[in-house]
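For reference, the chain that follows is the form predicted on its own, supplied as structure tokens.
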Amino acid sequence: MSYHYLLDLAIILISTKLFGLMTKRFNMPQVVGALLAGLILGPAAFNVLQETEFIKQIAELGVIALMFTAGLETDIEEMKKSGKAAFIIALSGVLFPLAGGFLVAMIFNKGDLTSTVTPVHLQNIFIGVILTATSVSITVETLKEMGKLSTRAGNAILGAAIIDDILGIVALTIITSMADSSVDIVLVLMKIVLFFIFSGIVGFGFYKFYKNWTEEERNKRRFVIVAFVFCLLLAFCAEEFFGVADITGAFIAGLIISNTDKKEYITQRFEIMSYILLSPVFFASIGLTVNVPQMTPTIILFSLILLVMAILTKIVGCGLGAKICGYTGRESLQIGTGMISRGEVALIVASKGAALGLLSTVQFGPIVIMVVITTIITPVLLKVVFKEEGVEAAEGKVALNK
């Protein structure tokens, strides 16, 4: 039995903390430092660490815990108000990147960039599908760090990101069914609907039990264990039986428990576990997945245009959807910015497409570059768009005091 994983964990924890403190000194969120730590120590730079199966599994636990606490901290009433808006924001945040990615691929997808396994038009659509992905975990951590998770914009981002995941699954299913005849699109869509019905029934039953039990029981530590068990079970059922992302199940579990009186206590305990182990491993693991491809002038140009399109289509698409739904200009910009990060979601989608021949090995490099840069710049841009709001609020208080 190898004990090398202990050294890997020690290096990840100390490096993410040190890099986090460095980025904090430059007024950037600490999550940026954690991402950079994985990038610098991974195959893309010094190759000190590799993404082992153990790190992958701890990282998956990290994102599950992160989304569970996001659900715990979500204002249900505010989310109900933004339900319709979240759908419109998510829909426009899928359509714009889908069209933008298709356009970029249509221009560049020729010669060495093209996969010979599937028709070119399917490959072009698939690159658009990759751009529709949103990794809300990076945004959640940044908003929590800034104390902005429960704002109107924060709730809209959370709701839209969950719907975005569902729409992304539908888009991925449609395109893969065209390339792989064994995929039944009707069955997949039925499973998604059944998952939300299942979540509603199970969630209501668990909520009744948990609320009554926590009122009578005095040992608070049991509340946290049972809550985490429920989170893991719902995450498992989502992925295993319904083909829905496990983080969606974890987020819904958090939403259910957020209605109970013990929400604050459970949130505090989870944040300790997440802070000391799970979150650092998750954020570092994103950097560890990066391998810098061999670059040619065509690939460099393709990477740059794809990156610009990835950023603009989310800001414009989600921002326009938010504006239509009555959000202010600043809130619309905040919502659009919060949806930029592609993170591990886009990498998973890309790897599934590559296995079906929807993506060539040469195209995979620019996708990775786009994912890494959007993931790193999202916390920085969020700091900027929310900082302006804080400055105005402070100026307003000074004016009132006068």
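Start at 1 and count along the sequence shown; that's the residue number. Please read all numbers here as calculations on a predicted model, not as lab measurements.
Another form exists, predicted in complex with another copy of the chain; not displayed. Remarks below refer to it.
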| query | finding |
| --- | --- |
| Proximity to another copy of the chain in the predicted bound form (heavy atom, within 4.5 Å), stretch among 230 to 238, 82 to 90, 127 to 135, 99 to 107 | 230 to 238 |
| Triplet F26, E51 and I377 all within 4.5 Å of another copy of the chain in the predicted bound form via a heavy atom | no |
| R222: touches another copy of the chain in the predicted bound form, heavy atom cutoff 4.5 angstroms | yes |
| Contact of M273 with another copy of the chain in the predicted bound form (heavy atom, 4.5 Å) | yes |
| Touches another copy of the chain in the predicted bound form: Q57 (any heavy atom, 4.5 Å) | yes |
| L277: touches another copy of the chain in the predicted bound form, heavy atom cutoff 4.5 angstroms | yes |
| In the predicted bound form, the one of V345, A70, I367, I64 near another copy of the chain [non-hydrogen atom within 4.5 angstroms] | I64 |
